[in-house]
Each structure stands twice: as structure tokens, then as C-alpha cells.
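Below you'll find only one chain, the form predicted alone, shown as C-alpha cells.
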């Protein structure tokens, strides 16, 4: 039995809506929910916690139908982007707020608050007010308040988006350790793929109130089922025709050049192929060891710096490949726009979708 099951969820709030949402999670799963603004991600969380009653569908948690339960009966925690801390309460009181209803002994309450604060490295801030804290500190207070009541499920709506890059990395590390220690099941809305890589094992992509794809991170990122999903998770999709399929290898003609894939297809079949930009390696000269791999001659059309990495645009005939490389690789290879280069792609990374 699944830990969380959502069956055919429909909810219409006018501007925002959900349609035909099916998904299930096991205990300890960490689901990252992705999609553009207005895709219905937040109302999905608010439907699960009970702020909205679905027009149709059922929600089961640990085998219990919670669709009609009041939010306070569901034992689900939620953390919003703005943290929603109580400004007139101390950090201690904010963390203890939800626990006070179930833990009447002050000594036990205080012990639990201090232990949770220590786990999130904010035990030295218990006397402070939220307005005196940094964004990263406020985020940890909100997380402590949500986790201290030992929720069956933790929902998070872009809780890291307001943090600077360094604080965000530290917050991910703390969050991952604490979630794994408590074996908490999490649904986390984010627009940052680094959150997904660092934390999630499951991914759901939403668009205009519909769940386009749900599955393991590997399935969604490497086998996107639509061009929209591919674009959203950073993969590139190419259309081609299988010219030969034998002995577990499919040879695919894409715009006049051949790609070899280990995925099965039938000879003559028109297919779509997904390749992730980090799975392409660039050389200035023909690589010597290219067994079970694709080596494609291309022209380096453009180099775009993206902080510590560069995005390369490689053109073969009328097809453009996107490639992520480190800045020092561009310098080491002395890559310049207009260069002829060789793109190496392992056959296992050419995924037929």
C-alpha cells in the first residue's frame, strides 16, 4: 500500500485549477514538484493539507481517506516561501507553537524545542524575534516548527527561494540530513533544479493544472515524455528515424547524422530522442577511445557563460546540441566560437522517449 495516494483529483478555483491528478508516494519519498507559475502546484499542496475541498477525487494517507478531514486532523506540516512566522513570538515560542496543543508538560516541551533547534543549528537564537533573523535563520525556524510536531507528511512551497546561493546550499544539506534521519515524506515545490538534484528521488511536472509526468528523477530527467517536460528539466529532444535495430542497439538517423542508442526500437520507426546537456563531452580532436559511444563532428556556434559553467551550442547540419561544461574546460581546450569540435555521447545516454 502506498503511503500517500491521490486519485483523480479535480479542483477548480477559477484562475487556478487541477485536473485528473494521479500520484502515489512511499514512506520516505521526497517529491519535487516543478512547473511554471499558475500550473497548480500550490493548490495541490493546499488540497493535500485540507485548505481546499476537491470537486472530485480522493486523497489517502497511510490508507486513511483524508479528503474530508479538517487540516488539524491530518497531521501534515507545511512551510511557505515567506515562512509565516509569528513576529511577536520568540524563536522558542514559534517552534513550540504547534507542539503546545499536544505536549502539556513544559519540561518535555522545552526539551523537544531545544533538541529540534540544535538539529537545525538555531539553538543559540531561541530568545530572538523573527524580525531580527536572517533569511536562512527564518527558514530554519519555519522548518523546525513544521517538523517538531512529527508530521506524517511535510509540504514545502519554495522554502529556499529567498536565500542566497551559499545559504541555500547549507540549507539543503541540513534539510537532507534531518529529513533522512526522521524518514519524513516530503512534497517540495521548487523552480531550482539544484534542489531536485540534491534532495528528491521523485519528480512531478505540472502545466496548466495537469500532471504531465510523474516518476523517479532518473525517469523524468532522462526520459521526458513531452517536449515541454524536456525543456523544463533541461533535456533536448531530437526527432529521428531508426535505420537499423539489432542486438540491443538502435541506430537512429537525425538530420543526416547517426546516433546509436541502447534503447529498443523497431527498424523504420519514427522516434524522439532525449539527450541531457551534461552527458555530452567535447573534444578539439577526434577521441581515440569511443567504443559503444557516439562521436559527432560539429561547429561550435556559441559559448554562453552561466557562472561557474558554460553552455555550448554545437551545430550539426540544422540541428543544435546544448552542452554544459566547466569554465576551466573552455579555457583548457581553448574553445572559440566557430571551432570545429567533436561531441562524444555514450549510447546509454541517448534515450528514446
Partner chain sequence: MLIVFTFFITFLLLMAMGSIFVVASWEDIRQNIWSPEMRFSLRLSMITGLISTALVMFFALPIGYTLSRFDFWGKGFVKTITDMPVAFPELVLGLCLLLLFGNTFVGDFLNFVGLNFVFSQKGVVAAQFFTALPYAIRIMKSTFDYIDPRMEFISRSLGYSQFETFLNISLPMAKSGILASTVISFARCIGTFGTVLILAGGSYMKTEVLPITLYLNISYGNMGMALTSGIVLMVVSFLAIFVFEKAEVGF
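Just so you know, these numbers come straight off a predicted model, no measurement behind them. Residue numbers count along the first chain shown, from 1.
Heads up, the form predicted together with its partner chain isn't pictured, but that's what we're talking about next.
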query: Contacting member of 283, 80, 228, 197, with respect to its partner chain in the model of the complex [4.5 Å, heavy atom]; finding: 80
query: Its partner chain: the contacting residue among 262, 243, 86, 162 in the model of the complex [heavy atom, 4.5 Å]; finding: 86
query: Close approach of residue 149 to its partner chain in the model of the complex, 4.5 Å, heavy atom; finding: yes
query: Exercise: residue 76 in contact with its partner chain in the model of the complex, heavy atom 4.5 Å; finding: yes
query: Residue 70 within 4.5 Å of its partner chain in the model of the complex, heavy atoms; finding: yes
query: Exercise: residue 46 in contact with its partner chain in the model of the complex, heavy atom 4.5 Å; finding: yes
query: Option from 46 to 54, 310 to 318, 297 to 305, 59 to 67 whose residues, in the model of the complex, bring a heavy atom within 4.5 Å of its partner chain; finding: 46 to 54
